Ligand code: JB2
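Only one chain is shown below, in structure tokens, and it's the form predicted on its own.
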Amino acid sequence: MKKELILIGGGGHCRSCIDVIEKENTYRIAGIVDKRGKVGTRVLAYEILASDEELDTLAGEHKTFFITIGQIKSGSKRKELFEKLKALGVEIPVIISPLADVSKHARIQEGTIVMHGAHVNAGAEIGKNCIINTCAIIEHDCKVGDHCHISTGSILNGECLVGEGAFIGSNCVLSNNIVIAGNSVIGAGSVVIRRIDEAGTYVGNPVRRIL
């Protein structure tokens, strides 16, 4: 029998996660948590059955949860929810699309989702509560910290290090051995050829700091 899974967050990213979860076919989605005003409505085929304020109660009734709010720039909300779920003692699984290619020699930690078409190569290490989005490439021996979002079509070449809470925008390219400081934002389409040691917002080809 499939384990029941409660999703937290009912926006656009949730829809993409639902598609991955359905195809992965390990869990049965029992419902979604979102804002109080959305309780009783549906996301695709699944009911929003509770608000954020009811997580404590739900954790007494269900054992497995997954965070499905997106991460644009800051991952602080996802991190806050992850830490709350850990304090409640529930299971937060790894979700990997069957349409992704993940090396048996890679390591992926709890709460992370690897979406359709993504590639995670040998020796790569992905932290907790990350989004490895559609068609992203994480090459050999890369390390991605907790609470990161590697967006659609981004490429991390070999031995890159992405610090906790970083956001790598769609279609970014990181050259080999690049370091990205934690909580940095790398704008869509940027090309990073030098290490970034100070958190900030960076864009362009080659990338430059704007904030």
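Bear in mind the structure is a predicted one, so any value in this text is a computation, not a measurement. Don't overthink the numbering: it's just position in the shown sequence, from 1.
From this point on, the text means the form predicted together with ligand JB2, which you will not see here.
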Using heavy atoms and a 4.5 Å limit, would one call residue 42 a contact residue for ligand JB2 in the model of the complex? no
Report whether the minimum heavy atom distance between residue 122 and ligand JB2 in the model of the complex is within 4.5 Å. no
In the model of the complex, does residue 52 have a heavy atom within 4.5 Å of ligand JB2? yes
Classify residue 70 as contacting or not contacting ligand JB2 in the model of the complex by the rule of any non-hydrogen atom within 4.5 angstroms, answering yes or no. yes
Just give me the single entry in 107, 140, 77, 116 that has a non-hydrogen atom within 4.5 angstroms of ligand JB2 in the model of the complex. 77
TL;DR on 20 to 28, 199 to 207, 186 to 194, 7 to 15: the one with heavy atoms within 4.5 Å of ligand JB2 in the model of the complex is 7 to 15
Are there residues in 29 to 57 with a heavy atom within 4.5 Å of ligand JB2 in the model of the complex, and which are they, in order? 33, 34, 35, 38, 52
